[in-house]
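In structure tokens, one chain follows: the form predicted alone.
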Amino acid sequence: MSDKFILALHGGAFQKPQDYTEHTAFLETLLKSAWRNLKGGQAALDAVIEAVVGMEDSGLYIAGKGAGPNSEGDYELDASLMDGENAKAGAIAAVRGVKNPVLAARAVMEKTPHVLLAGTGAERFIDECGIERLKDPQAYFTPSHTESQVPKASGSHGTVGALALDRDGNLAAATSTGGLVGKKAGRVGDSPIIGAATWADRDLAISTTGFGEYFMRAVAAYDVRALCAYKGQTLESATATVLDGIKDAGGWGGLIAINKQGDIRLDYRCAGMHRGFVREDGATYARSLPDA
């Protein structure tokens, strides 16, 4: 068992800066908790799920409790995760009334031969697994943005994600979202798509956030992996290449990435991104706006 471990997380990219003091302080709290758990030998997969559940429950980000309504006033949530140790993955898409979508994604990975379940079939599966459903979704969700505050759906996004490298050298990634606020009913973005928003193998882990259609078309998370594995780019160069391409195509957003060597990237092409990390030394970094 190594002394080296990392947890990195994001609470979404955004285009309209405001006072994000509460968001950043909450990331600090999660990072300190993750440090204690990873130091104690927690597995990477458990660490990323715990961090994402915390962000889903907080109501601060557009995921879980903080999800915004779609164009019909309903709440459809997506999530995915991947275990780098064995390349297993699970995801759910367009599910309603689920408190913690990332737990449903884990159930898909561990209890079915599938990777992605969607819609009403996914909701039935969630009930079969005994995962918590909401009795009154409309009363539960407390979105930090409403469509009246965000005239264009592409302007508001708060997907959350977490990556971990544990003391056994294993990597994992998880991503969860309520999607673009005001999105067309039935729209599914990149967050539940393995290779687009989420990737983890034995070498690196990635979670993305932003205008999902651009990340889907770029197969962004896997493209970072491919640039590192097949072209020999550094993690810094690969993440910049992918995000610059998305920006050039008209998109926006960011990503977090870590590799087994302990390199960390928290990069974005927009006004800012809720982001942070902690290493084995216990020093935390958490920001929302660009560094001064």
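Note that this is a predicted model, so its numbers are computed, not measured. Residue numbers run from 1 along the displayed sequence.
One more form of this protein should be noted, the form predicted in complex with a further copy of the same chain, which is absent from this view; the next part is about it.
Participant: Name the single residue among A172, A89, V98, L103 that comes within 4.5 Å of a further copy of the same chain in the model of the complex, judging by heavy atoms.
Facilitator: Only one listed residue qualifies here, and that residue is A89.
Participant: So, a 4.5 angstroms cut-off on heavy atom distances: do all three of M1, A286 and D291 pass it with respect to a further copy of the same chain in the model of the complex?
Facilitator: No residue of the spot touches a further copy of the same chain in the model of the complex.
Participant: With the partner removed from view, which of 162-170, 131-139, 189-197, 202-210 is the stretch that lies within 4.5 Å of a further copy of the same chain in the model of the complex, judged by heavy atom distances?
Facilitator: Result of the contact check: 189-197.
Participant: Check whether D127 has any heavy atom within 4.5 Å of a heavy atom of a further copy of the same chain in the model of the complex, and answer yes or no.
Facilitator: D127 lies outside the contact set for a further copy of the same chain.
Participant: With a cut-off of 4.5 Å between heavy atoms, is E72 one of the residues that contacts a further copy of the same chain in the model of the complex?
Facilitator: Output for E72 is yes: heavy atoms within 4.5 Å of a further copy of the same chain.
Participant: Decide whether R36 counts as a contact residue for a further copy of the same chain in the model of the complex under a heavy atom distance cut-off of 4.5 Å.
Facilitator: Close contact is absent here: in the model of the complex, R36 is far from a further copy of the same chain, nothing within 4.5 Å, heavy atoms only.
Participant: Just checking whether R225 would be counted as a contact of a further copy of the same chain in the model of the complex - the rule being heavy atoms within 4.5 angstroms.
Facilitator: Yes, R225 sits close enough to a further copy of the same chain in the model of the complex that at least one of its heavy atoms falls within 4.5 Å.
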